[in-house]
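This document opens with one chain alone, in structure tokens, the form predicted alone.
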């Protein structure tokens, strides 16, 4: 079955991972801007990173017939530096018109601080002024519920935001309904040691239904599995879900969400 991975950090993966993903049926992916494993010290560091995301990674993916899309931001892990964050936000429009750029993301909260919230709101303002889609990171573990509520409050306070063009990622059982009930899209991230297992993700699909749900692997610097979406496909088949129901979650839904972006120049596989 063909699928899209809506959130995977391929800068942290080897070229062999691209080959494996292609063999597993991955035809497209989107890569949000993220942390580099260290805090970058200048706007030029981010400019180089955005060049990598918009120029180099699409070519690496294309070698295996995978279409690569991206998002741009300064991640919440580095948002404590408000001055640098503002310089990066001011620079982002240089890249928004490049092929394959879907919008602003992954923005959000890390430790739910005031500075993180300030930078989050300034990213939102940029997205509204440039008519971009938004991809949001919710914090981990014990801070997730509080951080998700803070994020939803900031989003719903801005009447300019079209909620159907916002994806709130890393939802779990205690946050998924809050996101969906507010009219946003929800992303489930499959991790081997945190966030969500394929079995838990299928439980949530069976509980709330497939509407406005995406599933991704993240595939980042820590313990992660870039082929986690095929694991979910296998789990859904094991439980007797139809191929059409599986396709809706792993292919149709991401295509529907991303198609709202002018940068989603996706060519369906034949």
Partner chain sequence: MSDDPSSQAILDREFLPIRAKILEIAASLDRAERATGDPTADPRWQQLETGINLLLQKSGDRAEHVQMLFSQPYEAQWRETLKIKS
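On a predicted model such as this, the values are computed, not experimentally measured, just so you know. Positions refer to the first chain, counted from 1.
Although not depicted, the form predicted in complex with its partner chain is the subject of the following passage.
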{"query": "4.5 Å heavy atom contact, residue 238 to its partner chain in the predicted bound form", "finding": "yes"}
{"query": "Residue 191, heavy atom within 4.5 angstroms of its partner chain in the predicted bound form", "finding": "no"}
{"query": "Partner contact for residue 95 in the predicted bound form: its partner chain, 4.5 angstroms, heavy atom", "finding": "no"}
{"query": "Touches its partner chain in the predicted bound form: residue 110 (any heavy atom, 4.5 Å)", "finding": "no"}
{"query": "Interface stretch in the predicted bound form with its partner chain - options 99 to 107, 160 to 168, 115 to 123, 128 to 136, non-hydrogen atom within 4.5 Å", "finding": "115 to 123"}
{"query": "Contacting member of 154, 180, 82, 91, with respect to its partner chain in the predicted bound form [4.5 Å, heavy atom]", "finding": "154"}
{"query": "Within 4.5 Å of its partner chain in the predicted bound form, all of 142, 145 and 172 (non-hydrogen atom)", "finding": "yes"}
